Ligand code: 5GP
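Next up is one chain by itself, shown in structure tokens, the form predicted on its own.
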Amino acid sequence: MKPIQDIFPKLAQPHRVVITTHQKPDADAMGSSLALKHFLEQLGHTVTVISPTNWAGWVNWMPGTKQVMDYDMDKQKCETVLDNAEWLFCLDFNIFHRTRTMTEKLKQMSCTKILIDHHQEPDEASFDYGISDTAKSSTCEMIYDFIVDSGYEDKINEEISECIYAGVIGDTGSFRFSSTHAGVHRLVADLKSRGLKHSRVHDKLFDNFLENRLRFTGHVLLHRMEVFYEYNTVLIAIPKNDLLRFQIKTGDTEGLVNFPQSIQGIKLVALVIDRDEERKWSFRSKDSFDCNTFARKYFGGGGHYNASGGRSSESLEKTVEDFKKAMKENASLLQ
């Protein structure tokens, strides 16, 4: 994989570009994709954003979301666009299987593939150009760097600013997480100097839900949360019937895993949700507990040191049992 800087001289020549990200894109994934789209279009490129799956309704406010294609919903049209692509940007993921049903298609493509991501253990051999930097707070921060470092910071307009800011606050927990280094605040200051209205973005991301989501959250914290003080761990297991009862849609469970971190002494929070095709895990940790290694070892996942995900094809009951065994195996690390 060649350095991302090697692509900068080529930006002035228009290309047919596809931007894609991981399944069920969050604020960082969608924000970085759309920010890059708005930037490249100003340089004359023809740009299409393709999401592997549907996405949360609370990112629909982002400028350009209406033009994003859903691979699961319209595979034939998406593959036609992919077949004609000269450049493929892969954002907020670093190995093709994170795109689910798009995996084989992306592997087969012969166009130039470009990686911009901040997760651990990238599959560098699959990309022609790229940057993987785990010290970055978000992929949106990396898109900001991409624009500035390529010499086009004058192209950062209101649309790009809103998309970048949304991803930054999403992946930093509104600047709470340790990934919020000094450069993140300088980035935000620059966006503010360009006219960013940050309160509008916060309202759209955090105050834009239906009543059922709040009631679902209360139900989960009251009835589905187990606290294991001897292991400084919290487990939340959500069965499928809860999702149906509260009419939970894509994105409605976002942020649930963060709530138990407010409990004094807790070092690890695990959330598992019973989906149709698999059981989906989210992990959050504090201090020295390595979520990435834990997720990779036990649940075929990975991500960041203090925030990772995983999955299981076992039943909800079996995967919860597996987690409790893993928790006990890591007891010394959780003290």
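Counting begins at 1, following the sequence as shown. Not measured: the values here are computed from a predicted model.
The next section is about a form of this same protein that is not shown, the form predicted together with ligand 5GP.
- Residue 119 is the only one of 113, 136, 213, 119 with a heavy atom lying within 4.5 Å of ligand 5GP in the predicted bound form.
- 307 is the sole member of 273, 50, 307, 56 with a non-hydrogen atom lying within 4.5 angstroms of ligand 5GP in the predicted bound form.
- By the criterion of a heavy atom within 4.5 Å, residue 105 is excluded from the residues contacting ligand 5GP in the predicted bound form.
- When ligand 5GP is considered in the predicted bound form, residue 280 lines it closely, a heavy atom lying within 4.5 Å.
- Residue contact with ligand 5GP in the predicted bound form: residue 311 places a heavy atom within 4.5 Å of it.
- Remark: residue 38 does not count among the residues lining ligand 5GP in the predicted bound form, judged by a heavy atom distance of 4.5 Å or less.
- The stretch in contact with ligand 5GP in the predicted bound form, judged by heavy atoms within 4.5 Å, is 296-304, chosen from 296-304, 39-47, 262-270, 56-64.
- For the partner-free chain shown, nothing in 243-266 comes within 4.5 angstroms of ligand 5GP in the predicted bound form, judged by any non-hydrogen atom.
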